[in-house]
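For reference, the chain that follows is the form predicted alone, supplied as structure tokens.
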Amino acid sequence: MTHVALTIAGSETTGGAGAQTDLKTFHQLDTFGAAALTCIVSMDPKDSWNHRFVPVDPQVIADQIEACTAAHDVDTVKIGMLGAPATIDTVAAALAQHSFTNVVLDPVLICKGQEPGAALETDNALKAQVLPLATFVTPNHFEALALSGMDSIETVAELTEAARRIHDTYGVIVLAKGGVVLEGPDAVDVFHDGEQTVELRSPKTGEHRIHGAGCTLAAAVTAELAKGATPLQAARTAKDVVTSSIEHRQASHLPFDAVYQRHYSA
């Protein structure tokens, strides 16, 4: 039987990120994908492509998770954009109810499309209610700063320290993403599970962030864990997948390119 992974995430209608990208990544890695949508995001072409954010009703989110978990034997789930405290309440309750073996959290902090006060409330709720239930977390540079409490992360050594602090604080496996933010020719991510620290490197492809890269990385980790890979194996494959997806990026009328997973092969 094909392995199944569930993504609990927002819909990003252009196809470059969110649940759309999660499902494409699952499929690319021979994992059957199910999705429970938490919000609808449509970027506004008349307003510099800023986010238009609409949360899904919490009961509808709970109903989706109930349907997915009743239809499939799911032990691995990816958490993406939640975006509102009520959504976080619902998802945290579902995580506690189902006791999934693997909970991969892409800790989307400071939700675009929200007022600063609402965004901070959402961030605090995510850290208090969902992060303690996660088993694997994939923070980007900004999120690693927020979760580690560090003042700056400018080197791989500092990124490594951030990963260690996040692990020690929350008890999760960490894949901290340096991406294009750190100086140097390589995009460096740091894996830390409390016993080993491993740098994952690939040559940078340009100096700009690519839409959906973070979603792809976390989704690839999720798919590989669903198939029985070790966390480090999952991280290595995810790094390869996101590198390929950036190399074969998809251009559009947006002011940035998006990942494209199709060309990856193991």
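In this text, all values refer to a predicted model and were calculated from it rather than measured experimentally. The numbering used is simple: start at 1 and walk along the sequence shown.
The same protein has a further form, the form predicted in complex with a small molecule, not shown here; the description that follows concerns it.
All of Gly10, Ala17 and His51 with a heavy atom within 4.5 Å of the small molecule in the predicted bound form: So, yes: the whole triplet contacts the small molecule.
The small molecule contact in the predicted bound form: Val41, any heavy atom under 4.5 Å: Looking in the predicted bound form, residue contacts with the small molecule include Val41, since a heavy atom lies within 4.5 Å.
is_contact(Met81, the small molecule) in the predicted bound form, heavy atom dist at most 4.5 Å: Judged by the heavy-atom cut-off of 4.5 Å, Met81 is in contact with the small molecule in the predicted bound form.
In the predicted bound form, Arg236 touching the small molecule (heavy atom, 4.5 Å): No, Arg236 sits far enough from the small molecule in the predicted bound form that none of its heavy atoms falls within 4.5 Å.
Contact of Cys215 with the small molecule in the predicted bound form (heavy atom, 4.5 Å): Contact with the small molecule, yes.
Partner-proximal stretch of 207-215, 63-71, 221-229, 27-35 relative to the small molecule in the predicted bound form, 4.5 angstroms, heavy atom: Heavy-atom contact with the partner occurs in 207-215.
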